[in-house]
Structures are given as C-alpha cells and as structure tokens.
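Next up is one chain by itself, shown in structure tokens, the form predicted on its own.
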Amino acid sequence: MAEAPAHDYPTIEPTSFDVVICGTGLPESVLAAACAAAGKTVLHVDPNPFYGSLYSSVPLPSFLSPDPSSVPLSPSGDDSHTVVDLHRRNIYSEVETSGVAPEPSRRFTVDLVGPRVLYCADEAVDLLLRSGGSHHVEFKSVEGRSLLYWEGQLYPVPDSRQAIFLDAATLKLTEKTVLFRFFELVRAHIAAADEDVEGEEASDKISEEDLDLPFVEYLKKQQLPPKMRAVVLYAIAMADYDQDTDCCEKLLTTREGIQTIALYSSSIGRFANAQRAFIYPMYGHGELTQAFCRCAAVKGALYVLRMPISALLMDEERKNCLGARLTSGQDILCQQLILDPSYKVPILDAPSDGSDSNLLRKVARGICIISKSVKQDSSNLLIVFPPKSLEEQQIAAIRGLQLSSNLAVCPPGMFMVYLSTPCADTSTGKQCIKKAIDALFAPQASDSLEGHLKETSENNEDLKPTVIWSCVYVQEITELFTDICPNEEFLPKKSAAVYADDDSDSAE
C-alpha cells in the first residue's frame, strides 16, 4: 500500500509517553494491555491499516506474500538527538511452499505465526477473563482427543481414567494398570495439596524428594513403560525437549509435570461449550490481538494506525534510546520503546553483554491444506510427535493442530494442519517438520494417478490424507514484558473491567 503524504498524518498529543509500541501483533498487544493496566501511558502505533501486524489472520493469497517495505524516511526534525534510521526485515526465513491452493483461496484464513491452542484453565484464559478480552473474542473447543505418533502409528492419548478404560484397541492391560495407578496417585496428590492442612503432613502427597526429581525419572520409578512415559511427558505435561537425555535444554521436574497435569485435568469440562481441555479462537488468532488492543484502549492507551516509525532518537553520550521519530516527522519521547520483530534495530557502538541474544529463539513451522481429516469423524485435534519418534536426531517434540471449517478458517470439507517445533538450527528444524508431514500425509498425486487414488480412497478409509498445499518456514520469537516492567504483575486481576452480563460458564 502506498504511503500517504506526510501532511496527511495526524499530530499526536501529548508528545511524551511511558511506553511507545510499534506493531499490533499479539505480543505487542498483550504488552500494551499489561502496561496500560499497570498505569503506564501508552502510545500504540502500526504501519498497517489493520490490527494484528505479523500476528494477523490473513487470506491465503496474502500469506507471506508482501515483503516488508523499507521504512519511509521522515523529514529532518529536531536535530538535538542522534537520529538512527530504521529498516524492516522479514522475520521468516527458509520459506518453502509446495502445491497449488484450492479455489477460492481467499476462503482459507492463515495465522501468520501459526496457531496455539489454549488450556481452558490456563493463565492465558484467566488473563482474557480478568482483562475483559474474553468479551471481544469467541472460542471453539478442540473436541477431538489428542493423537500420539509412536512407532509409525497414531494412537489416541489416554488423558483421563475414563479414556483409559474405554481404550480397548490400543492399550494393553499392563499399560492400563500402570497408567491408571499413576493418574490416581496424581489425583490424590492434587487433592491433598489443595486441602493443605497446616501442621499436618498428608499421606497422599508425593514427597518433596520425588517432586524435585526429573519427571522422567519419577515416571520410571512408577514403572511406566516408554510409550506411557511419552504420553505423560509430551502429550499431557507438554514438555518440548527430549527428557530422557543428559543434555536436555529444559528438564522438567516432577513438580512442574504434576502442575501441568493438574492444569490439563482442570481444563476438561471447565466451560459448558468446551468439553475437552483445549480451546481455539474463531476466525484465527488475529482476533486475540484485537481483543487485547480494545482492553488497552479502555485503560487509556492511544492507538494510531497507518503510522510507521522511521527512526530512533538516541542519546549518544548515554547510549540509550530516548524515543522515536514517526514518518510524519514528529518526535515522540518515551521511557520504553518496543518494536515488532519486523524492525531491524541498528547495532550502535555501545558495549553489549550479549543478553539480547538470549531473548531470541527459533521455531520451525509448517502449514498444510488437506481434504480429509487425519482421524475419521474428527474436526479439530492435536497431534504429538515425541522426540526421536521420527528420527534419532529429533531432540524436540513436534506438535500438530488440525483445524476445520467450524472455526471459519477454511471451506467445508477442507482442513488446515499446523505443525511446529522449537529449533536451534533452521535446516534441522525444517527437516523435522518435513518428516512429520511425510509421516502424516501422502504426497501430492500426479495427474495420471489422481483418478486411481480417488477410486482407492473410496474403498480404503485408512488411506493417508493427501497434501494439497504446504508451506514450511522458520520464525524468531522474543520475550519482553519483564524487561519493561520488572516489578509489575502481568495484567493484575484488579485491572479487569466489571461486566454485568459476565458468564463464567462460557468459553466465549
């Protein structure tokens, strides 16, 4: 989109804020809501005419198509500060697409950074509830049971006592016994911890010594076989990295594992219209950014769209940022400046301890369009590939999410599948995503085989879905709030607006 002439930009008053944020992606929008709720004065601008920035939910033809435009140069304003011009970059790397999207392609809505489900009882949902954001977004339940990829097959995840006993096809009697005994142990511990009678040591509680053990060691102590350990570690406790290795990047303790299992259990059936543990926003994750922007605006944040930041205002002597110069030429001073990941911040001649690099991490992602569900009669579901389930070099879990038309992200009869895995190396991460795609789906059929495969699929319900279109890429992620407000609670409960028609039993 062509930039408007400078004289068309509005003049912003006041000209000094506690926090200036450029980009209305999800991290920036949540930060704006949190900072506004903490009493900060917030200016939130975006170069685009819409909310969501890099976290928008966009039609498929627009997905990753526009390259980030260079930031237009501003008129030379007050020269009392050192002005450092900004440039924009693409935060996605190693992008590969394959196939042709079915028409009409605009009916497919793609989340730019890939979606994430929410636990019904997660702090993120509580954050939406207490900030008032839940009144601006609607959710649907991820109703299908999660699937675990193990030894080349997909198995339903036995995530509750009822699921254990109903699973007569994939669970052996010994597996049922040890898993049921483990869930009973966890249930008793959680119940005893909730009661927590002062001065008394509950006999049902897991010992402190065991709580401090690596979770994988505790599961071995409870005699869970490898497959059941994978179920608990990667499909329920949601560990990201291989727990059964000495060089695990993030080793889960028993205490942390039990806390996540408690969260999982309390999420099941929390809302009347979401019977399973997970929910997902209608129309895509772009709705979440708008919800938090509305919350920030209610708390006094000022919003200006179509307003790029073109330069930083630096104190050359102190080597710190004093504010930003807008494309209109106006200078805005601030205590904290947050730019979305598309901005490339020049490296100044200032000493660095390398701490910024610790905030960055990479995630390899994949998106596929298919016309048949991964699991028959299931619309929305999770798929988990434990570490080493695809190859020995796989050090992190890969998670997939299948979405259907009941979330208004694709036409009826079609499905979108997102895959993601944390990675340190882009090529390794992409290789893992591609192997997961190969394990789940059949390759695109040539014209000569299309008719034969269609006829075969009518007689074989177990035939893998065929990939119609796919994209694999790598994305950088940062974490910022603790650096901005180190002594503040993240969106405190007292910040929630009071709504007379609040319905605590609804996931909307």
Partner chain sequence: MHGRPRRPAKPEDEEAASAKAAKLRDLQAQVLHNHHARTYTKEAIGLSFKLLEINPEAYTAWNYRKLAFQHNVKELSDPEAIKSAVDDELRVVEVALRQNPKSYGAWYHRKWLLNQKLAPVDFKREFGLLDKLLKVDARNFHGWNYRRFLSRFMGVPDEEELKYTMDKISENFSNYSAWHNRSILLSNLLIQQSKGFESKQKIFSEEFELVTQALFTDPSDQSGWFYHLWLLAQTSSPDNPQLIASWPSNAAKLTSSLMKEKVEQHTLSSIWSRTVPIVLYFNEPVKGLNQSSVNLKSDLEFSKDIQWRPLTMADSGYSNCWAAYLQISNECSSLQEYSVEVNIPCSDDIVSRSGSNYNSPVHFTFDIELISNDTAQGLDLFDKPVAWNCSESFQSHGNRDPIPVDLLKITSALVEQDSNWHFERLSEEIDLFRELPDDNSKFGKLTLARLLLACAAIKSRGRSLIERKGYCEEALGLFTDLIHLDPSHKQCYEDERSLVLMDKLTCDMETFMKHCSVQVQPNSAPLNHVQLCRLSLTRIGFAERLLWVQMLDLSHNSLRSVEGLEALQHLVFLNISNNQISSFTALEPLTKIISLKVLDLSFNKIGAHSIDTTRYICSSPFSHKIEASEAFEEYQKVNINVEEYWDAILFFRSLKLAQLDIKGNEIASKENFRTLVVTLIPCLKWFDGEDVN
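Here the structure is a predicted model, which is why all the values come from computation and not from measurement. Residue numbers count along the first chain shown, from 1.
One more form of this protein exists, namely the form predicted together with its partner chain; it is left out here, but the text below deals with it.
This chain is displayed alone, yet in the model of the complex one of Arg255, Lys319, Lys344, Arg161 has a heavy atom within 4.5 Å of its partner chain; that residue is Arg161. Checked against its partner chain in the model of the complex, the residues Asp122, Asp167, Asp331, Glu143 give one hit for a heavy atom within 4.5 Å, which is Asp167. In plain terms, the part of the chain that comes close to its partner chain in the model of the complex, with a heavy atom within 4.5 Å, is 176-184 out of 335-343, 176-184, 149-157, 233-241.
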